[in-house]
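What follows is a pair of forms of the same protein chain, given separately as structure tokens and numbered structure 1 and structure 2.
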Structure 1
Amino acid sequence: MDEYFIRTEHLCCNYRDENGREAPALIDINLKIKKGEYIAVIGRNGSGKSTLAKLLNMILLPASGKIYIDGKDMTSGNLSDDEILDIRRRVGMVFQNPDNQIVATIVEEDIAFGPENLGIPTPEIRRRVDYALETVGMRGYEKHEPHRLSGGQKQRIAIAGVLAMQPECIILDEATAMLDPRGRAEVINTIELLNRERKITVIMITHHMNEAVRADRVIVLSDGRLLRDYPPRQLFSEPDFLRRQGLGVPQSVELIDELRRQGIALEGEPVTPEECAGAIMKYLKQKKAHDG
């Protein structure tokens, strides 16, 4: 059994530009992701984030290189249709616009759609629908019409539809990009619960640095190349590198960085809002004690 649930070796993928010529979308990507990890993927538009997501879900095929899912070579060329479908069940995908993923006019029917296509018996489908709704905090919405829900609620229904397939990994391709702050918080809280309590591997593609800071590791892509694969604390201690890539930093890191530029010597490398507040409080207490 492979130590890693997802592994890529020298992965490359091309796309056709507006003139019909092939251009690189990903170049020599080497990744190792263990079961239960929470990975954030960041980068400017066109950096290759969505291409990577679609490769891992077998929506796209690479030009060269290898993709292993739970030790199985997905790029061998010998996979049957059933094996490809099984990978898409085990590695679920949640897209940016939930309206593109919701297929039924009633919530419970939408969540049941995937298991029904797998030929799952009706009692088991009912159990999976109830479990998925409970997990994403949407019990009581079984008979609702999805188009009448808020953006955050729709996205949680989209996640529930993936959960009903019993995936081992969920990839979110900028799934919070179209949501307001409340909707983003709903989705992030749901994903963190799935990762921490259900041990589901999460790969979150995001533009929001405040989301990336909550991951176990953050991968930085630029022009199809992997530039960094660091824990958040290590990555966000390089704010100048991130700015050169056209990326921001979490608001808490931005605040700490600015305070230090103003000569306020805060200790440590706080990255979360809680850590930021703690560092400031510690500084103020020390200053008060020093000033007498």
Structure 2
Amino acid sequence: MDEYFIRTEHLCCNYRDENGREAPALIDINLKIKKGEYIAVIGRNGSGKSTLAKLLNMILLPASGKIYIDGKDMTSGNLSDDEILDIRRRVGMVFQNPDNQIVATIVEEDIAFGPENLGIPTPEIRRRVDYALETVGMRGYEKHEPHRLSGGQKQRIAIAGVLAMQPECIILDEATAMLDPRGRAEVINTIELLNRERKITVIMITHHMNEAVRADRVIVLSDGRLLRDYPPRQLFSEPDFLRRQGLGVPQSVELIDELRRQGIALEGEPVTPEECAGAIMKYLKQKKAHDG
């Protein structure tokens, strides 16, 4: 047994551009992800985030390098079809456009799609569908038509569809990008619940820095290279790096950074608005005590 659920060694992958030329999409990626971790992956469009996601559940194959899932070498080239299906079951994916990943015309049939493909017996599929709907908070929508649901609800259905396969890891490929703030909150809350209570490993590809703030670790990709693999606090303590990468910085982090530049020695590594407010208040109180 491997200590890491996902491990890559010198992983490289190429893609074919529209002129048919091979170009590197990922270069020498070394990753270690433990079971139950919450990982955010950030990077500009075209930095290789989606390629990485598709490699991890064998939708794409690497040009070179190794991928180990739960200790097993996925790149040995002699995996049986059943072994590949098992990897896709264990590493589920949720994509950006909710409309393009819902297969069936009725919610419960869509959630059953994965288990049906896996040949799970009917009573067990029923149990899993009910459980998955319960988990994403969509009980009562069994017979609804997906195209009438809101974006956030559709994405929760997509998550439930993955959940019904009983995965150990869920990869969300910009799954919140097309949602409004309410829908985004619905999806994030669901994912955090799965990570916290069901111990599911989460890999969250996102453009929203305030989503990345909540992860255990943030991975920064740029032009196919892995530039950072830091806890969020450490990453957001270099706002200049993030700006250089065209990644944007949460306003709270920006404020703290500006204050420090102007000589205010704030303590700690605050990243969320609550923490930043706390740090500023602490400084204010100390200053008052000092002054008064």
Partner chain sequence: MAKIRLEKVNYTYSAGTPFETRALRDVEFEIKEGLVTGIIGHTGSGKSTMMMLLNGLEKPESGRVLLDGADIWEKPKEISKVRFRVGLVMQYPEYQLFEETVAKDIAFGPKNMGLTEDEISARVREAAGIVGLDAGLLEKSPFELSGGEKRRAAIAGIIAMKPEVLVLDEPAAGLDPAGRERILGTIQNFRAQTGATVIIVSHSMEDMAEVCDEIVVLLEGRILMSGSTREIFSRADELRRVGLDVPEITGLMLRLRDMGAEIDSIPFTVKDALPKLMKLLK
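Basically, rigid core = biggest C-alpha set you can superpose within 1.5 Å across the two forms. A quick note: this is a predicted structure, and the numbers were derived from the prediction, not measured. When a residue number appears, read it as a position in the sequence of structure 1, where counting begins at 1.
Chemist: For this pair of chain forms, which number matches the form predicted on its own?
Modeler: Structure 1 is the matching one, since it is the form predicted on its own.
Chemist: Aligning on the core only, does the CA of Lys282 end up 2 angstroms or more away between structure 1 and structure 2?
Modeler: It does shift by 2 Å or more.
Chemist: Just checking, between structure 1 and structure 2 and with the core aligned, does Glu267 shift 2 Å or more at the CA?
Modeler: After core superposition, the C-alpha of Glu267 moves 2 Å or more between structure 1 and structure 2.
Chemist: Superposing on the rigid core, I want to see if Glu258 changes position between structure 1 and structure 2 - specifically a Cα shift of 2 Å or more.
Modeler: Comparing forms between structure 1 and structure 2, the Glu258 CA shifts at least 2 Å.
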